[in-house]
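A single chain, nothing else alongside it, follows as structure tokens in the form predicted alone.
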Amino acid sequence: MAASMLRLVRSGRRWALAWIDGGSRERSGTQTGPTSNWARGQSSVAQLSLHTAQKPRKGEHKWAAVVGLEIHVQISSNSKLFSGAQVCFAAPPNSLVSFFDASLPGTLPVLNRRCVEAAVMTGLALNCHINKKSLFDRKHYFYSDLPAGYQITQQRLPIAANGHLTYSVYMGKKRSQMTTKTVRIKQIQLEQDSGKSLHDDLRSQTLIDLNRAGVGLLEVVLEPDLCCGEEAAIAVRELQMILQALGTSQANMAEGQLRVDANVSVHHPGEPLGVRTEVKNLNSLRFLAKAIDYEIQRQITELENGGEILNETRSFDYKLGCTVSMRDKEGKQDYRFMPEPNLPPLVLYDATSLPADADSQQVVNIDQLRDMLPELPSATRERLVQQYGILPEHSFTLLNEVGLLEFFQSVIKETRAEPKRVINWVLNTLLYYLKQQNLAVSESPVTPAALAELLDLLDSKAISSSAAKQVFEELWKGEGKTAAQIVTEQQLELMQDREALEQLCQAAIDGHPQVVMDVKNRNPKAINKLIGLVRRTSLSRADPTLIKEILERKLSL
């Protein structure tokens, strides 16, 4: 295997360090082409540019950034990890707290089967080794919203380990080359969430809400294989889509169902890794990318000015766009890990180890869960390319934009238009209008049925492309009119009277002899000018293709 090395790659005016090797860490895709912008919020990471270090000046050393992530995912379950208390976002404070969640004496944990199955399916989807035996541990630390004074987690032997996540980024000056990369997954572990501390600055007090205490979490620990904010955001977005496809989690970052801690350090290639800082609780992909890139630049600037990097925990201030120190980690905290005495080892089975007399309701079968895995995003993208003949980058946009794939498929079912025409309108017209008004796909005033009707009119040549855009503008107003009604009211249908078209073309020829002379002198732009004149006279109701055919015949071209 070829040895790995770092190379500084230029992207526009920015510079990035990329891994180049002979293995699976990075491989170049074969598809190229323009891409559509991703949606607001979580999909906006596609618009970010790679920049982990500025272009080095003459005589300066290059910098390499190393980024590792710890991702906390709230499991979609009706009840908490070790108690029967309900899980519900935005419930009244302290209304969903069991005796165990409040850590009352004498209460014992009871493991939630649904959470175990979700962890196994996630591990399988992320190519992990599933441990048939895993252990629970107590992680001791004091915090006001942790009543027991410890968290039940899986430090020694987690439920899954040694996996990998594949994601794709666009490289090059024009960002037209798709590159597939892989980040290793160290482990996936089950653990409890803590409660929430609500700070009231006006009254100088902190209130505690224990509704979230004890909710089941998956902690997905990624190896430090990432090099910048954009890569981190894209990798997390890919993981988010996998979790949503599995049903493991809704992974709504705005509701705290997916939170990211980023460990960042910089060093000179070939030298030991630098001191790392941890940026905590990043709850949007855009902020994740910005926080990492800011922290990389901050560390480089600090070191180049002769300073040193402290091993500390930082938070990201989205208003200021910078990271802020929270607490130092120089004195390593002793969490006093110990085996959880109230939970036995978690034992899983597969087809070969399952006892013949085992009750299927009392055991978790890894092979059975593997058979239940749904189509994952990577397979969905491949299917879309093969089924509809669209470009690979279009399939990425369809999946990354929440609700866009369902919209596209609904239009396909209701229209006679070719998929390539549908994808063009969905990505270039619908998505453009959504972004202009900062709307989600679910908020679109143009329904799939309305767009399908419009495309049918265009496909049957009842209207021109320019007229179709006018109709779309009217549909966007949301006045309840159909595409056909708008075409009739505004008289946008194409002229079907060939004799009338012949007369319009002849009038254009007679009225513009110089243009006709240019056409006969083989000026390629002249014929288009005549076509424009005829269309203007017909109020854009004449078919450009038919006009060109008539003009060429009349001019004996």
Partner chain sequence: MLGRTLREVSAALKQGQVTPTELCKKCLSIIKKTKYLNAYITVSEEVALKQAEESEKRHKQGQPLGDLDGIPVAVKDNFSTSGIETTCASNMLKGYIPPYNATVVQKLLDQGALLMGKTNLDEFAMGSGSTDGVFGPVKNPWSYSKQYRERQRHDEHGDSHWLITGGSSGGSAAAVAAYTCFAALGSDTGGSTRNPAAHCGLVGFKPSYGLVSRHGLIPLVNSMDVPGIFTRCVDDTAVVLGVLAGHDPKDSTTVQDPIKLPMILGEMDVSRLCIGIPKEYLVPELSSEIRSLWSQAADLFESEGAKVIEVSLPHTCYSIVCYHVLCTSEVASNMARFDGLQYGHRSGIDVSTEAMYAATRQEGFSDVVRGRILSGNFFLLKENYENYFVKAQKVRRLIVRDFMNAFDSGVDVLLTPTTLSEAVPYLEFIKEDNRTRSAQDDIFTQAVNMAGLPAVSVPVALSNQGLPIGLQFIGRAFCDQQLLTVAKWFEKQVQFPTIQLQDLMDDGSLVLENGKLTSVSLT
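If you're wondering where the values come from, they're calculated on a predicted model, not measured in any experiment. Positions refer to the first chain, counted from 1.
This next part talks about the form predicted together with its partner chain, which is not shown.
Heavy atoms within 4.5 Å of its partner chain in the predicted bound form are found in one stretch of 262-270, 285-293, 340-348, 368-376, which is 340-348.
The three marked residues, Leu108, Arg138 and Gln362, each reach its partner chain in the predicted bound form, with a heavy atom inside 4.5 Å. The listed set Tyr150, Tyr388, Tyr170, Phe407 contains one residue whose heavy atoms approach its partner chain in the predicted bound form to within 4.5 Å, identified as Tyr150.
When you look in the predicted bound form, the only residue of Met326, Ala484, Ala358, Leu104 with a non-hydrogen atom within 4.5 Å of its partner chain is Leu104.
Contact annotation for Asp334: at least one heavy atom lies within 4.5 Å of its partner chain in the predicted bound form. Heavy atoms of Phe99 reach within 4.5 Å of its partner chain in the predicted bound form, making it an interface residue. Not displayed here, its partner chain is approached by Ser144 to within 4.5 Å at the level of heavy atoms in the predicted bound form.
Although the partner is absent here, Met178 is not a contact residue: none of its heavy atoms lies within 4.5 angstroms of its partner chain in the predicted bound form.
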